[in-house]
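Let's start with one chain on its own, the form predicted alone, as structure tokens.
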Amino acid sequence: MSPLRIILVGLGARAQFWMRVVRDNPDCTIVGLVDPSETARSRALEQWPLATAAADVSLLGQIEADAVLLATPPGGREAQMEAACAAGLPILAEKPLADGVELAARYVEMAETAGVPLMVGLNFRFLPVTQKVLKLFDEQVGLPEFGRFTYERWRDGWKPNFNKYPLTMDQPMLWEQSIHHFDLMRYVYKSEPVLLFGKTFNPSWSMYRDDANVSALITFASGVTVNYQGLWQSNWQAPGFQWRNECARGVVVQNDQFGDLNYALHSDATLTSVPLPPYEQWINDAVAVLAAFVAALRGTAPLLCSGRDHLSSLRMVQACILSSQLGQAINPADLDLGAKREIGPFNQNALQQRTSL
């Protein structure tokens, strides 16, 4: 099989991980590099000297390729999405797809109309710890009924290896971090939210222009209720994380967002630690995301984390913002925007002709 030829759009901090992950995947290669920064293009060409580099997405219609990987900020992707769809190229996009539900819904419609698959890189679903949590529900403690999700961090947005756009974006914690957590809840609870009461705020010491902290009470259709607190601007440099789920026969306690998983049955005196495989942060999960994308394009697996499904997680973010503004609970489903159709089929035959599968 010929490797999938990928055009990488956006050559900032996140792209450095993707270049390594693609290099380690024999099913993929990078043939195009797009970024307005000449410095970024030159740096990327040192790693991919045979690729074609360009300052804008006009490259997508000029070279032979099989897919586009958007490692770009969520704001300002209109031209990128239009170019990818016009070229008929499947899209793997960093989350969130857009910094607004209405715009994301337009992107989803655009991709479906063009007949190209659109996958969002929701890498937290692919973490080994996430998969183990699902198994604990099934095999040990029973279904969850309520939980507490706490994420506490003093995120230094000026660190040189961080993208700088969150410093000035609207609701950076929600759009950049909580989107992961909300999506995880939908995925792990296998249920959709029906009520969300949220409050966003920004402490006096915050380096972010807009609210970097959020609290929310979320109720799902299954009956699960979650107390959520997400902080990008706590006032202690030591991070804190705990996701505790109270289940039919006991508890599941995750003390690190990438591991430290434990459970206990109701009568147990202590928690039991759950062994997890070795894990390299930001690499192993990206490896799994890329493998899932490739499998979908090869036709050996369904498309996961579709743009259409992603809209439900984005609605949670939007509902939290609206709830904070209005001071009342919101049903995310009320933010429909006409985006509830089933995922449309993509043109597998056209893809096969391009990739010689």
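Numbering starts at 1 and follows the sequence shown. Bear in mind the structure is a predicted one, so any value in this text is a computation, not a measurement.
This protein has a second form, the form predicted in complex with a small molecule, left out of what is shown; the following refers to that one.
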(message) Counting any heavy atom within 4.5 Å as contact, can you tell me which stretch out of 69-77, 129-137, 196-204, 108-116 lines the small molecule in the predicted bound form?
(response) 69-77
(message) Residues Phe146, Lys190 and Ala264 are flagged as a possible site; in the predicted bound form, is every one of them within 4.5 Å of the small molecule by some non-hydrogen atom?
(response) no
(request) Answer with yes or no whether Trp154 is in contact with the small molecule in the predicted bound form, where contact means some heavy atom within 4.5 Å. (result) no
(request) May I ask you to state whether Pro90 is within 4.5 Å of the small molecule in the predicted bound form, using heavy atom distances? (result) no
(message) Is Asp99 part of the interface with the small molecule in the predicted bound form - any heavy atom within 4.5 Å?
(response) no
(message) I'd like to know whether Ala296 contacts the small molecule in the predicted bound form, with contact meaning heavy atoms within 4.5 angstroms.
(response) no
(message) Exactly one residue in Ala44, Val317, Ala65, Val34 has a non-hydrogen atom within 4.5 Å of the small molecule in the predicted bound form; which is it?
(response) Val34
